[in-house]
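As structure tokens, one chain now follows by itself in the form predicted alone.
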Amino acid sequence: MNCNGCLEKLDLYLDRELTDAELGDVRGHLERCPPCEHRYLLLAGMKRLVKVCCDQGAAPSHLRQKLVQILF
């Protein structure tokens, strides 16, 4: 697997949506390629951050009202 192929599959890899063979290919490439591993770690961290931020509960009512005004 080359870098382009790895980078194309990183989101699917992070979400565990690849076949076992594809998971192995991406994992092997990440072990041998520091730039791709760095990109993987960045994406994984970003996904964790989004999850943590989204698990904070509902937005305050004034923020929701403002968003409704802007969107509609």
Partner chain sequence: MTTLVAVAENRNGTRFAEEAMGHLDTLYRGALRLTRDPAQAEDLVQDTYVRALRYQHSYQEGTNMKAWLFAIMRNLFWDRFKGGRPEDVSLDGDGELSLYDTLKDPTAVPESEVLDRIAADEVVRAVERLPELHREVVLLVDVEGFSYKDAAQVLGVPIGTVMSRLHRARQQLQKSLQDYARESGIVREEKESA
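Just so it is clear, the model here is predicted, and its values are computed rather than measured. Positions refer to the first chain, counted from 1.
Just so it is clear, the following notes concern the form predicted together with its partner chain, a form of the same protein that is not shown.
Novice: Look up in the predicted bound form whether A59 has a non-hydrogen atom within 4.5 angstroms of its partner chain, and give yes or no.
Specialist: Yes, A59 sits close enough to its partner chain in the predicted bound form that at least one of its heavy atoms falls within 4.5 Å.
Novice: Report yes if any heavy atom of G45 sits within 4.5 Å of a heavy atom of its partner chain in the predicted bound form; otherwise report no.
Specialist: G45 belongs to the contact set for its partner chain.
Novice: Does its partner chain come within 4.5 Å of any heavy atom of E22 in the predicted bound form?
Specialist: Because no heavy atom of E22 falls inside 4.5 Å of its partner chain in the predicted bound form, the answer is no.
Novice: Tell me, yes or no, whether M1 is in contact with its partner chain in the predicted bound form, where a contact means a heavy atom of each within 4.5 Å.
Specialist: M1: no contact with its partner chain in the predicted bound form.
Novice: If you apply a 4.5 angstroms heavy atom cut-off, which residues in 34-53 are near its partner chain in the predicted bound form?
Specialist: Those in contact are P35, H38, R39, L41, L42, L43, G45, M46, K47, L49, V50, K51, C53.
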